[in-house]
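One chain is shown next in structure tokens, namely the form predicted on its own.
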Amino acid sequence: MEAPCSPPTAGKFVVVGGGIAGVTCAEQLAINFPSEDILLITASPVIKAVTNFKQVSKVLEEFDVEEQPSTMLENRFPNIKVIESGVKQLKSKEHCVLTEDGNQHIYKKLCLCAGAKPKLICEGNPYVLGIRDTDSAQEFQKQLTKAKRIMIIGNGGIALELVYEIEGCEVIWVIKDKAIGNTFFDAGAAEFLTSKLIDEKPEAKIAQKRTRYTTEGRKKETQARASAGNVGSALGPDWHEGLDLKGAKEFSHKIHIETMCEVKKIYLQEEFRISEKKSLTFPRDHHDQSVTTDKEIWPVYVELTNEKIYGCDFIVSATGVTPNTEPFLCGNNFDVGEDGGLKVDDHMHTSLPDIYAAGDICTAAWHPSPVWQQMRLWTQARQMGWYAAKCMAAASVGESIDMDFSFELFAHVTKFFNYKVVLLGKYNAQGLGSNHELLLRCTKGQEYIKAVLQNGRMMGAVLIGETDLEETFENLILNQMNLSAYGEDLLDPNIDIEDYFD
């Protein structure tokens, strides 16, 4: 029989999860409490560290994400102890975490940063791959070298990057929306980017300067643990660098997009043969509408809700994530959000005493600023992890602290198809209803600028390309200045808008 948890007298700061939120939280706690031990419990042998951090403007930040062995974290912060084990159970009443290695850890304050796991379109099918962590990315690369055709399902960041990076392989991209990347873009921006998909890519790849640590060659037990369903932490923003995403064929890009549809049914080769259905060849060009039956025999076939059927070597499921709450819910009465995350208040506190949460596992349940929304992105994982540590520290010494400024305005900078992409505020007019107007400026192949206005005030923006407008727009959204007087001139390329609003 298991020994009961001893009463929570000693207790430490304990953080669960080796992704960006967890590591940032542990580092921040280690700085605030240099003489206390901070425990970081993680199921993966590598952790995710933020490197090359740059504050680009008041709210925008850029950083790289680097995988490092957990020993590097312990060397940087002697008071962080990393425990490499999954969590078996949380006993919130006893303030105790049981890990799979059989140990128990009493906490004074606990922060859950266990991230999220990919929503797979179907579980347990060997031809369906979900890409979320380094191991799954390596598995994907292995499969791709032999592939002549793959299907990508999903319309978020990972799908966008994959489609752009894959060469030498036919790609059928299935999205449920009218346009690509709808989490990030409206149809106009999607159109601007799609033209880039069709162009041949410049050959010169810029060499990456960062060292990468992979989980290759680790003890077999790590693999066994991973296959037992432990998910590693999510991929970094340039995760496809250093992976050679080349298929079996000798051409660069062949992409066909099927919009407004989803997967209806997946057939294995034999099931498909018995069904006597017909599959389609890869659509060659848009003019030739004659439908031809595919002679090739594929390992797996996908029937879409638009009645089309395609065969392929494998399917990549990139359809978003669900918060990884499983090991924590049993026997604990957490308030859970509609998206499955642990609800947190404006101090990252869950509904249970002394338990905080940050990053993909949590659901922001406070009343947000009118130009902020939660999205499960790198930047927010870092901000939430940092702020959760601040809140835990303040609470443990009985101080109160103000909400961090980074939650005033949604701001995210990333790269898609080699363009810099900046998203600010309600960049897709989220929740503004029909009461808003859009100002657009687009130079094909160079830049795409969209401002979202409501009652003459800027509420959000999308900037693609080197526009140099991010700080100006950030200020206009934050100070809610009335811009009605400027009308269309706001985006006139001949007017230097920065001079107006410095």
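Computed from a predicted model, the values in this text were never measured in an experiment. So that there is no doubt, residue numbering starts at 1 and follows the sequence shown.
What comes next is about the form predicted in complex with a small molecule, which does not appear here.
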property	result
Residue contact check: Asn155 to the small molecule in the model of the complex, 4.5 Å heavy atom	yes
Trp298: touches the small molecule in the model of the complex, heavy atom cutoff 4.5 angstroms	no
Contact test in the model of the complex: Glu161 vs the small molecule, heavy atoms, 4.5 Å	yes
Heavy atom of Arg376 within 4.5 Å of the small molecule in the model of the complex	yes
Among 400 to 408, 341 to 349, 304 to 312, 181 to 189, the region lying within 4.5 Å of the small molecule in the model of the complex by heavy atom distance	181 to 189
Contact residue in the model of the complex, chosen from Trp372, Phe416, Tyr267, Tyr127 - any heavy atom within 4.5 Å of the small molecule	Phe416
Contacting member of Ser92, Thr319, Gln104, Thr194, with respect to the small molecule in the model of the complex [4.5 Å, heavy atom]	Thr319
